[in-house]
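Next up: a single chain in structure tokens, the form predicted alone.
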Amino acid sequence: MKTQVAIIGAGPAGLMLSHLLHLEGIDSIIVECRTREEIEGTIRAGVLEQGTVDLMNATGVGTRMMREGHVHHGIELQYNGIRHRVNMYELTEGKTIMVYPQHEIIKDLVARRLKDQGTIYFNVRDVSLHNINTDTPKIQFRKEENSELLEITCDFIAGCDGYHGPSRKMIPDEIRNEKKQIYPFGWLGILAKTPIANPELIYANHDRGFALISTRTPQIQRHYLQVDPNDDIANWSDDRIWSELKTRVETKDGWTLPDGPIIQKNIVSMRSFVCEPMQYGRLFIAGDAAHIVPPTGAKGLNLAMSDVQVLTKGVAAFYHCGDKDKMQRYSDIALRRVWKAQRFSWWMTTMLHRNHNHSPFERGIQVSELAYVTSSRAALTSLSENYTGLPIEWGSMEALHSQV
């Protein structure tokens, strides 16, 4: 088989990249290790920046999102039992966020790629990359276990295969620089059959730990608790989860959280991670293959979408104009936004989570930070600009590299 761009991974990054390339008249093939049912059924967070919403609409895959998603004009920050609304719509002169689950975006993109006769191989095995530092890279894979080895030759490879995929490790050790931060927090997430608890997301700082009240549909809600990342989910009965959630988000005016049957629960650890560079030879990595952010800032999916926009422009310039410059600058351009999103996600995480190793002084500083943010229009504007999404910057990265 031969194509122009071979894409490893059918998550949001890989699927949107294939869709964008198709709109530019560029051929691609996607290989994915999971089944279609798995990628469309795995429940993931879904807070979309304004830019991601605009991209979905501009490229013709936003119809269901606009019909079924929930537009939020702000969020609420809570500490000391008092809630403070952040009116992001007003502070950013019209930007909003959209709550629309990631697996629904995947459904929309898979359906569109198949409608456009795009090629996606699901449930593949033994994916490997070859000749990435030549003009004729290729990937090999098996359609099923013990089947014959298939090969795709291409001009470029896009590694959109997540943190554990094979793509990133193909960048040589002496070139690949991985920077990471492990947090002493975990998130216990639940899906529950309850009415919507609040019109907007609630980020609560409590002496017992952080809590997030979110939504998925009018009937199914998504909530989170800060827990020890090494805790066992078996230690958390439904009654204990609801008791802890209600304690952390109750307010002095008597508001209480509605409860109901919990249909899914799990614990995930939290980390920040960046791989530099995001390209080597004819290989380009995007999304979780290149960077991970703690979920507090709601940036993971949105960074994947900005990565592939930058990459598409580079690939399109190469094919349409013979211009290699934008592709050569892909990593530099993408990393500028990645690092700003990392900063914001780190800041939100450290401001809102209770670190029980902190001294009383450090705890006082944390509460004071929340008090400042919620009382300063400048601080609220900064939070809103970052939360609703910073623009892609197409300038030089030299100044940033000199500081990192």
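What you are looking at is a predicted structure, and each value in this text was computed from that prediction instead of being measured. From 1 onward, residues are counted along the sequence shown.
What comes next is about the form predicted together with ligand DHB, which is not displayed.
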Using a 4.5 Å heavy atom cut-off, state whether Leu201 contacts ligand DHB in the predicted bound form.
yes
If we define contact as a non-hydrogen atom of the residue within 4.5 angstroms of the partner, is Arg222 a contact of ligand DHB in the predicted bound form?
yes
Whether Val338 contacts ligand DHB in the predicted bound form should be assessed with a 4.5 Å heavy atom distance threshold; does it?
no
Does at least one non-hydrogen atom of Ala211 fall within 4.5 angstroms of ligand DHB in the predicted bound form?
no
Counting only non-hydrogen atoms, which stretch in 107 to 115, 288 to 296, 192 to 200, 244 to 252 is within 4.5 Å of ligand DHB in the predicted bound form?
288 to 296
Which residue among Lys326, Lys95, Arg216, Arg168 has a heavy atom within 4.5 angstroms of ligand DHB in the predicted bound form?
Arg216
Which of Arg36, His70, Arg44, Arg354 has a heavy atom within 4.5 Å of ligand DHB in the predicted bound form?
Arg44
